[in-house]
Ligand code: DGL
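Next up: just one chain, as structure tokens, the form predicted alone.
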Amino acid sequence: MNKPIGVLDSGVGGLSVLVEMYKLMPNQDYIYFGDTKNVPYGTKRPEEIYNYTKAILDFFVKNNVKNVVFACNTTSAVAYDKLKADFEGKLRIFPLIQTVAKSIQENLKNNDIVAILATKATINSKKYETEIKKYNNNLNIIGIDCTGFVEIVENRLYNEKSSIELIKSKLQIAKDAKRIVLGCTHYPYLVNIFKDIVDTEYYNPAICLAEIVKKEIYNPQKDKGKISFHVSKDPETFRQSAKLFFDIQQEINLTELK
């Protein structure tokens, strides 16, 4: 019997990763945890992010999970190294940034501009820059703090004037980029708006991450896989916000973490 893959995020953003994984691995079981009580992670202190994520990983261990996908750039940026050590022998973790960094720089030329749209915590960590430059040290990497984008997605504020103005102000910084990285799993929800502002290549790390996870661990079962959804607050709000990526028909479990 296959053990479920754990997928975690601060809210609905990680569903953009789950949907790509489900396309490639429909016969796999999944447990998704959205920490809606503490969203957004990107404005939190590193020790807070670590504590929130550790509680989710403890939950996964109790639920027979052996492989976990960090469908959260912020957690991958600031908490992965310590959590990997904490859960050595218990969980295999696939951190988003570190897993896809090699792919991001492929087919780019020296001095090309790569813009990273991400949360404040991710940008401050410089983790994307560090990881990408392991493979190509000659790219110009611009990190753009997109504080506020997560709230736009979580609260479905796509059409608000203030939302559009905020997005335009951030995307203009990336107007000369050869490739723009959606460095937060909430941002694929906004990519159609982005494309109307800056017409360039948008890189969605979720697609590469799903491909790598499939290659590394997929052992399909005969039956179609099951997905269980858990959130730490407001299941119905989560359901409504998720609809752009995932129309959740089943029960969403309200799960308190300790």
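For every residue, the number given is its place in the sequence shown, counted from 1. All values derive from a computational prediction rather than experimental measurement.
What comes next is about the form predicted together with the ligand, which does not appear here.
For the options 116, 184, 153, 79, the residue carrying a heavy atom within 4.5 angstroms of the ligand in the model of the complex is 184. Interface residue remark: residue 205 is not counted as part of the site for the ligand in the model of the complex, having no heavy atom within 4.5 Å. A residue is said to contact a partner when one of its heavy atoms sits within 4.5 Å of a partner heavy atom; residue 42 meets this definition for the ligand in the model of the complex. The stretch from 229-237, 66-74, 191-199, 214-222 that comes within 4.5 Å of the ligand in the model of the complex, counting heavy atoms only, is 66-74.
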